[in-house]
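The chain that follows stands alone, in the form predicted on its own, written as structure tokens.
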Amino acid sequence: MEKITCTGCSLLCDDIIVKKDGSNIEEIIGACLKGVERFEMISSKHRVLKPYIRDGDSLEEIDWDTALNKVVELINKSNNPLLYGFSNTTCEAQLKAIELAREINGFIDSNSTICQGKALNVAKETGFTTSTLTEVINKSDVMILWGFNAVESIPRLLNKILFSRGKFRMTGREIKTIIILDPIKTDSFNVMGPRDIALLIEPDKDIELIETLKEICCTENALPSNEVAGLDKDDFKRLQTNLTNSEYISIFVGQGLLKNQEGKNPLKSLFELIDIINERNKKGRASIILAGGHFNMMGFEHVALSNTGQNQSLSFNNHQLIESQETIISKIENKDFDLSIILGTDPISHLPMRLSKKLASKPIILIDNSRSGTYLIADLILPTSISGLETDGTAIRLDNVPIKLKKVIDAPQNLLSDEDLLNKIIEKLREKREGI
């Protein structure tokens, strides 16, 4: 038996027990469905174990020397390469990807740009108060899920924060309140108890609720004259009471707050609301945790920021970082690229069709360990080991805490890690340039 960290999602549970028989995992204890799915990737029928090159409508298996030479050939023909993905790999591989982007004067972005990275960009202007999961477990008496379906997105989150007593609490679940704000009744509503509050708000009206709370939430006996975002006075008062009379409020923000509403950014307004609460509330403290999906989505933001001074959308020219207003979306929308290098993600399936078609119109090098929509149209496919299972590394948990990943088993057929493969590509490019 061995205790490991699971890379099924950004919670990075470090209490998973695996039983091994040589190079095979016989039993997994403590993992959720997303975690089990991650382990099943090892022997999945969709696993990619050999490099392939496209020949018309079919893929042909090639050896690694041929594959690496083809990578160099495609890159050297490119004047405007695009690199994207990197949220399902280690921080060490992310660092190598940025090095590759600098080497080939490319543009690099991660999945975070169209997800929780939007919140971090807002935080550059406003700042925001955050906390760690340990603080939530030990101190929180109110936990708010805002635009976030925890049960399906991060299945073990509520189990960890809701049912743990915590270091500074005499009791656990019975003194903790869950508040859910969502326009639809998700599976997270099914875990609610008698003291919890379910608030079904009108779609795209979060900004109206937040702006109203900013005006009156810390004013004694103040209530709106009409319903707000579909909440009547009683529901509004229950929410207001918890925001102003609780000891430690933890707000988990999901995808539901990422887009603008009524010409305003709900994330910015929410960050400002938290500042107001913390300034005026004499009793407690409120904080925000960004609930990203991919296991190392936050990692790219940290790696990029610490190494370049910019957290995302990095553009290089003459091997130097340059100012740019571009994002992965604008680059694809404007077809401002002639080659894409995709690692650990499936943009052909995930992006809107108009963007997928534009991405597919240019050569694609895919670095991944599983078949996907992008696999079906990629020009060159390079398989790698599974991060956190078949290779060591580091990842950043959703609360910005670095977590060490431990290799569990050897990768089949001596597959390289993402980090090692990217390093080989960089070395091959330099050898070609130097005429070695």
Partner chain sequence: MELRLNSVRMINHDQSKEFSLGELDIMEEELAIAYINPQDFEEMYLTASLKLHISNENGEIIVNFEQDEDVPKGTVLMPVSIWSNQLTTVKDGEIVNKNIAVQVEASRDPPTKLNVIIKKIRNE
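Numbering follows the first chain given and starts at 1. Keep in mind the model is a prediction, meaning the values are calculated, not measured.
Keep in mind the form predicted in complex with the partner chain is missing from the figure; the text below concerns it.
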Contact flag, His350 vs the partner chain in the model of the complex, heavy atom cut 4.5 Å: yes
Any non-hydrogen atom of Gly256 within 4.5 angstroms of the partner chain in the model of the complex: yes
4.5 Å heavy atom contact, Asn260 to the partner chain in the model of the complex: yes
4.5 Å heavy atom contact, Asn149 to the partner chain in the model of the complex: yes
Heavy atom of each of Leu68, Lys331 and Ile396 within 4.5 Å of the partner chain in the model of the complex: no
One stretch from 234-242, 98-106, 217-225, 149-157 that, in the model of the complex, holds residues within 4.5 Å of the partner chain by heavy atom: 149-157
Answer option from Ala123, Ile114, Ile276, Leu74, heavy atom within 4.5 Å of the partner chain in the model of the complex: Ile114
Position in contact with the partner chain when the complex is considered in the model of the complex, options Ala360, Met192, Leu199, Leu321, heavy atoms within 4.5 Å: Ala360
Stretch 16-51 - residues with a heavy atom within 4.5 Å of the partner chain in the model of the complex: Leu33, Lys34, Glu37, Glu40, Met41, Ser44, Lys45, His46
